[in-house]
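First, one chain by itself: the form predicted alone, in structure tokens.
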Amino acid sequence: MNKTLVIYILFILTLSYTSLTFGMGRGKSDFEAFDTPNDSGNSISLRWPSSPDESTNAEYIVFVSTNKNGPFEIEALHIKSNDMYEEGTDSSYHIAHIETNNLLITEISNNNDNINYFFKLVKRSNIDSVNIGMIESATPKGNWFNKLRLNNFIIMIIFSIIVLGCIKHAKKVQGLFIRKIKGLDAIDDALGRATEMGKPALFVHGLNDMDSISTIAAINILGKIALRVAEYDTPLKVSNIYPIVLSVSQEVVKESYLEAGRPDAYIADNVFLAASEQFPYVVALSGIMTREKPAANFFVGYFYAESLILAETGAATGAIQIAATDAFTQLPFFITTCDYTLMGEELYAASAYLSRDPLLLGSLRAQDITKAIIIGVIVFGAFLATCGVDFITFLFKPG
């Protein structure tokens, strides 16, 4: 099964590379116009051989018309003669892609389908010398599949197979290994300390809205913290800067209290909108930390310039502080002022780490395997490129 899958993948990679390679070159030597391959049907490509007397003083002009007999008065292209050479032809051919939507032909502006465009190539070496070129025609047509992005499609299939395989493995194997993250292990200690001191814990959202992946990860962590807080019977205050994040946080905390069997302990006012702007948000939270002196502060999400002010204020009150952010510019401030800091992808791994859900664990393991594969391919590709073999670069072309 595995050998068949590997052979199948290698066959597709070879086929895609071969198709891309053969698609780059065309055998004709005259001026030609043809439908641009792998597009949505709004482009025509022009290709013609270069001449020995090309220079910055000479120009190529391409006129367009919908009639073979003209008039050819509209310029579709105007370039220096030593510009726009075709890649991989050693400057022996020019190639240009004409967007038909941008052609100012009034009679077809409302209906651009199945129009046959005629192009006339002119080479002008100076004002007095004009060489009349050839006339070619083409009709733009849309393509269902972009072969230039076949590499992305193959990578997506391979990654999907790895994810499904890892999820299946995680469901079979109990206690799938994940490297210990000290910041997450310290959550119980921080909440235990808050319980012993009889003081609240403060959860601070970052400054991104609900469409940010770091905010989504913060919500997942909030749910686990709220569950522990409900079990310990410790007050939890959650600050927000966006109304949508506030609504989601309220529901998540409420659900956690319900899951812990203590819905009566949930206090809606403890999940609040502190402010709607950056520094008023900082001032409001600094006041809370100074007045109420929470025993544990959690800074989770994406932070900006306010990170050091918040963390420094919390450190001055003596609270245990745990930060988690993927804002790499703010990591130094959290590392120096907090007791534990989750850096970068540890923020995203926290949900799987805390919940031990096979679905999340399998996805996390698949991501690690995929990264290892990509690193291996890059190293192997660098070695091949050093040896003068660069075919593997097509894997990383965006298309």
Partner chain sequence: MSFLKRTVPMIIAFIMGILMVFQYYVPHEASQNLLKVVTRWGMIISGFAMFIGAYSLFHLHWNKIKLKVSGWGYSVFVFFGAGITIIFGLYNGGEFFWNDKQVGTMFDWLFDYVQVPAGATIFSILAFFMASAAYRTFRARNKEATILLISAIIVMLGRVPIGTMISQYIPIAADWIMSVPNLAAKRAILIGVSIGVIATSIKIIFGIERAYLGGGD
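Everything numeric in this text was worked out from a predicted model, so none of it was measured. So that the term is clear: the rigid core is the largest set of C-alpha atoms that superpose within 1.5 Å between two forms. Positions refer to the first chain, counted from 1.
A second form of this protein, the form predicted in complex with the partner chain, is not displayed here; the remarks below concern that form.
Scanning Ile167, Leu176, Met197, Met84 against the partner chain in the model of the complex with a 4.5 Å heavy atom cut-off leaves one residue, Ile167. Checked against the partner chain in the model of the complex, the candidates Ser137, Thr100, Asn208, Asn152 yield a single residue with a heavy atom inside 4.5 Å, and that residue is Asn152. The chain is drawn here without the partner chain; in the model of the complex, the stretch among 199 to 207, 245 to 253, 293 to 301, 70 to 78 whose residues come within 4.5 Å of it by any heavy atom is 245 to 253. Interface membership of Tyr93, defined by any non-hydrogen atom within 4.5 Å of the partner chain in the model of the complex, is ruled out. The closest heavy atom approach of Glu277 to the partner chain in the model of the complex falls within 4.5 Å. Using a 4.5 angstroms threshold between heavy atoms, Tyr340 stays clear of the partner chain in the model of the complex. Remark: Met289 does not count among the residues lining the partner chain in the model of the complex, judged by a heavy atom distance of 4.5 Å or less. Although the partner chain is not shown here, in the model of the complex the stretch 153 to 192 places heavy atoms of Phe153, Met156, Phe159, Ser160, Val163, Leu164, Ile167 within 4.5 Å of it, in sequence order. The Cα shift for Gly142 between the shown form and the other one, taken after rigid core superposition, is 2 angstroms or larger.
Comparing the forms between the shown form and the other one, the C-alpha position of Ile162 differs by 2 angstroms or more, with the core used for superposition. Once you line up the core between the shown form and the other one, the Cα of Asp35 ends up 2 Å or more from where it was.
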